[in-house]
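The chain below stands alone and is given in structure tokens; this is the form predicted alone.
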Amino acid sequence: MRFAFTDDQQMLRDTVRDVLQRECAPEVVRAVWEGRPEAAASVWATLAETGVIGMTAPQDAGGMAMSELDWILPFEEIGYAALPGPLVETIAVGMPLLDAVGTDAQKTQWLEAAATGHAKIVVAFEDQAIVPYAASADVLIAERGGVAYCLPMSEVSAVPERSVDRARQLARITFEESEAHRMRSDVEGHALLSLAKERATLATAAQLVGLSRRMLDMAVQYAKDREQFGKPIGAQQAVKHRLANALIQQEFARPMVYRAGWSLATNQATAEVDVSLAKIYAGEAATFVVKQALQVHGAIGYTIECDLHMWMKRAWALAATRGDSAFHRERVGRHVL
């Protein structure tokens, strides 16, 4: 059995990494933080041109029909760059769900547009009223009463809400449940919506792994550059221990996320447990790395002027998204018992 990513999967990761290194510098994230979401528009356009945005769409809609195992590495890079935007919602959740549950008219209107980067999708599962990136989206897929609806954002009321991560704009949504926007009822809607939730959780966990790696890189670089008493602070044994422990936490989380991606892509019976374990390990690793990176940076790490601050807030937000550690530990417990 091969326990490694294919050359094509690694090439896709490298493509996403190169694009984000060129076009999603911390200045871009900061601009979105400061209320200029258009600053990230060119990044989205470039990812669409390279096929990344449409990688989960079917081939007849201009996509590449990729599985969860294919997009794990790109989402890790997206987390590393802290790229703002509904990438999880559009790529990992929205397009596969639209392809599986959408009517012919809904797919004609939205699927190819999303695959080519011209339409952004946000998703609201049952009882989810606050939706990230709703203000910048074009279409909403929402679950209400076990029924899925697909409607343009022009017919949705979206009231802005404060977010700990200013680059991850939130909105409280309301809409009228109409038969005109109802998605297909002749498919296993409940099972497909449940699968969509697993994909959302997995993609979030992958982003957390990328965030952990970036924050650790920031801390290591700061430890090399910051000097006290004529020596870099990284020469101190206590600082080295913090960084080493952060690396260990990150390295334990990564294979859990990769395993969950394989389980979903191959329809394993343990997929739900594997996804929960991935979210637990990735979320706890990210919050641990935050603490260590803050200790290395000192007081400056708490300031908005420090780039670490933006990655730290994204990590906190995503660690609580799609179920925190307590939620997923309980879910694992239900499966075990």
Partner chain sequence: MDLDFTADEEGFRKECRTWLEANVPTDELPSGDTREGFKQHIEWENELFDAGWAAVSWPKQYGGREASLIEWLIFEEEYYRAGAPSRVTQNGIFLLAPTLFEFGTDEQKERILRPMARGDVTWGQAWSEPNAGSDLASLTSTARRVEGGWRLTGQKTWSTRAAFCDMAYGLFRTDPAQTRHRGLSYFMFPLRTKGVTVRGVDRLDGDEGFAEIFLEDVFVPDADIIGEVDQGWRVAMATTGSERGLTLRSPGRFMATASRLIDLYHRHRDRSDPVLRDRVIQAWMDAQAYRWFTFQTVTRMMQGESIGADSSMNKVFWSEMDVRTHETALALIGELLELDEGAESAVDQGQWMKGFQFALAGPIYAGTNEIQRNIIAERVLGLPRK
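Residue numbers count along the first chain shown, from 1. Bear in mind the structure is a predicted one, so any value in this text is a computation, not a measurement.
What comes next is about the form predicted in complex with its partner chain, which does not appear here.
Contact with its partner chain in the predicted bound form holds for all three of 69, 237 and 248, each having a heavy atom within 4.5 Å. With its partner chain omitted here, the record of contacts in the predicted bound form names 253 to 261 of 253 to 261, 102 to 110, 189 to 197, 131 to 139, defined by a heavy atom within 4.5 Å. Using a 4.5 Å cutoff between non-hydrogen atoms, residue 223 counts as a contact of its partner chain in the predicted bound form. A residue is said to contact a partner when one of its heavy atoms sits within 4.5 Å of a partner heavy atom; residue 162 fails this definition for its partner chain in the predicted bound form, lying far away. Interface residue remark: residue 244 is counted as part of the site for its partner chain in the predicted bound form, having a heavy atom within 4.5 Å. Contact annotation for residue 216: at least one heavy atom lies within 4.5 Å of its partner chain in the predicted bound form.
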